[in-house]
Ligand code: PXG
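The data below hold one chain only, encoded as structure tokens and taken in the form predicted alone.
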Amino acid sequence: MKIYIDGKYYAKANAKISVFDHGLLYGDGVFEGIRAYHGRVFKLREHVERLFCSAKAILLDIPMTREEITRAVLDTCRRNRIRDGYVRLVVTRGVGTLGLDPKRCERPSIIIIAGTIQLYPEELYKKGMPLVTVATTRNISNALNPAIKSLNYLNNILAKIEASNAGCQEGIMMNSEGFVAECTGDNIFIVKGKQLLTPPLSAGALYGITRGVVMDLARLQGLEVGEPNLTRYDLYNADECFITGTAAEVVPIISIDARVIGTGKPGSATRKLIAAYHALTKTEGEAI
């Protein structure tokens, strides 16, 4: 494996950053998780744009243009002979002092890792999986805005621990007002009649790339897409439920907090969206 760090490629064993990098010391940085399918990097430009938006929000000046980062991602995939895989694109604040001040950091660092990922067992995509709601509240917008895909993921990790302790691989996070925000690493959707509903971004949901793709696909399939505030009651009484994410793709949900969703099996709308998503990944993307 060849890993890109600040314009150079290193073998996995030699790919290192300084212990004084503020990405390590304080979680000061941003990242993107990106998928490659069939020799193409899916929605690469959208991911790069979101990276720059996250960086702007934390006043982090990325020392490369969007076009340069796009080329670097594609080149990293080529060097690692990736046709179907996962890319982690990271920008840290860079090497600084032991103090918080980001102005003391010399220069941001850019890291690109191209490999593979499998979040959930294949069986769950066919049979569906259970979810639980967790006690850890999603970060509020005027503290650490969930729209920023930052290296500080402790809020999500604490929620993930709770879900794991409850015997589930994913957990639902509520916001401070008691509305559904998102899962620990995925966006959440429900189907009710001919409607596809998902929490609004203002509720604490990430600006999910896969989220947006699925919403577009749903409209093409004749579903009415909405973004209302949702409660656990809405989830429990949904006809279908699924989660989305770049790494997760689209995963059917069959129960929430021990309440069976719909028939207890992946629903027809969910199955159609999964098929449409997979079909799209075969034709769209930047050629490696």
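All residue numbers are counted from 1 along the displayed sequence. Everything quoted here is computed from the prediction, not taken from an experiment.
Beyond the structure shown, there is the form predicted together with the named molecule, which is absent from this document and is the topic of what follows.
Visitor: Within 4.5 Å, heavy atoms only, one stretch in 175-183, 103-111, 76-84, 193-201 touches the named molecule in the predicted bound form. Which?
Guide: Contact criterion met by 175-183 only.
Visitor: Only one of I209, L89, A163, L217 comes within 4.5 Å of the named molecule in the predicted bound form by heavy atoms, so just point that one out.
Guide: Contact with the named molecule in the predicted bound form is made by I209 alone.
Visitor: Would you check, heavy atoms only and a 4.5 Å threshold, whether T133 touches the named molecule in the predicted bound form?
Guide: No, T133 stays farther than 4.5 Å from the named molecule in the predicted bound form.
Visitor: Heavy atoms within 4.5 Å of the named molecule in the predicted bound form: does T137 have any?
Guide: Flag for T137 set to no.
Visitor: Spell out, yes or no, whether the shortest heavy atom distance between S54 and the named molecule in the predicted bound form is within 4.5 Å.
Guide: It does not: once the named molecule is placed as it appears in the predicted bound form, S54 has no heavy atom within 4.5 Å of it.
Visitor: Would you please decide whether G29 lies within 4.5 angstroms of the named molecule in the predicted bound form, comparing each non-hydrogen atom pair?
Guide: No.
Visitor: Scan 251-288 and write down, in order along the chain, each residue with a heavy atom lying within 4.5 Å of the named molecule in the predicted bound form.
Guide: Read in sequence order, no residue approaches the named molecule (within 4.5 Å, in the predicted bound form).
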